[in-house]
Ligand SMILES: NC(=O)c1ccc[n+]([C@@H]2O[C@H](COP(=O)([O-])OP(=O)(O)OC[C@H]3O[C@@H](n4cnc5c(N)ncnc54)[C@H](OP(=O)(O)O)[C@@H]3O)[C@@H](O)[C@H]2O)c1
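Read the single chain below, which is given as structure tokens and is the form predicted alone.
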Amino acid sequence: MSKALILGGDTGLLGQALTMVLDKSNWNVETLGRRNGNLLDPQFLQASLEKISPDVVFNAVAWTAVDDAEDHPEEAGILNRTLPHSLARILSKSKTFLVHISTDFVFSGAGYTPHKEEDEPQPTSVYGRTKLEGEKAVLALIPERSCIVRTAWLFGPGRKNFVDTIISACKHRDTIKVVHDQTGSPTYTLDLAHWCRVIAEKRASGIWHAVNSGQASWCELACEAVSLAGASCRVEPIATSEWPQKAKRPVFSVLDNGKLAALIGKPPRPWTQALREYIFSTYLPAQQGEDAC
């Protein structure tokens, strides 16, 4: 039985999914978060890692408040760059494998071809830049015993996300406005956790793009969620310019998951199928589907 340590496993959107998936796969799972101590204290982090002695560490902790990062670049850098660097430095003296979660925001969003792992990153926000710096820190220190898993547009159980926000808004409004000119890769956290488990079990080092198949705009994702939930409100498409935000968002940040498909032996299921399972199990439990990732 492999032992996993999940940073953010108690409260994080992906961390909770990892905890559920690994538990069901008979892993010995430990979690570490703010409730346990200061993850940014190198001495606490090292003592915790030495005490738990995991086979695999999953780092699902990050500063993900994209707009706030523009106002707090140093704080964002500490979580997104310094923490993974500390993890990799400590683990360089062990045989532990590190799965570090990253993001589509490392790309600028230029062009309309899905980004592959070898494409040159060009972040345009503090969040994207600090996440890329975290990637580089890990790969520089333990390239053979680590992997970077880039993902995007997460939805799933355990913590409020875009899909939940849309469905909640529809309960109180007749019309909601959603951006239609940003396109990405909606991803179900339970599917992502499954792929991370496979990557960890295979000790598949390097960079991996892990997203559900297909692509969508925020507006298309919202429309599909509203339809599946049986909500009656109307989704009105708007341009990014009508919804100003501090951080620049990639216009097209779809990730190519062909490399992942080859590893798991089949293409990841479409985001529409995964969304259907999430909404039916969360909002319409009597109609829960039996889809499998």
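Since the structure is predicted, the reported quantities are computational estimates derived from the model, not experimental observations. Counting begins at 1, following the sequence as shown.
This protein has a second form, the form predicted together with this ligand, left out of what is shown; the following refers to that one.
Proximity to this ligand in the predicted complex, taken as heavy atoms within 4.5 Å, picks out 59-67 from the listed stretches 43-51, 241-249, 256-264, 59-67.
For the chain shown alone, residue 196 is not a contact residue for this ligand in the predicted complex, no non-hydrogen atom being within 4.5 angstroms. Put simply, residue 159 is close to this ligand in the predicted complex: some heavy atom of it is within 4.5 Å. When contacts are judged by a 4.5 Å heavy atom cut-off, residue 22 does not count as touching this ligand in the predicted complex. Heavy atoms of residue 97 never reach within 4.5 Å of this ligand in the predicted complex, leaving it off the interface. With the partner removed from view, the residue among 103, 146, 212, 130 that has a non-hydrogen atom within 4.5 Å of this ligand in the predicted complex turns out to be 103. Of the listed positions (79, 142, 219, 166), a single one reaches within 4.5 angstroms of this ligand by any non-hydrogen atom in the predicted complex, namely 79. Heavy atoms closer than or equal to 4.5 Å to this ligand in the predicted complex belong, across 153-173, to the residues 153, 154, 159, ordered by sequence position.
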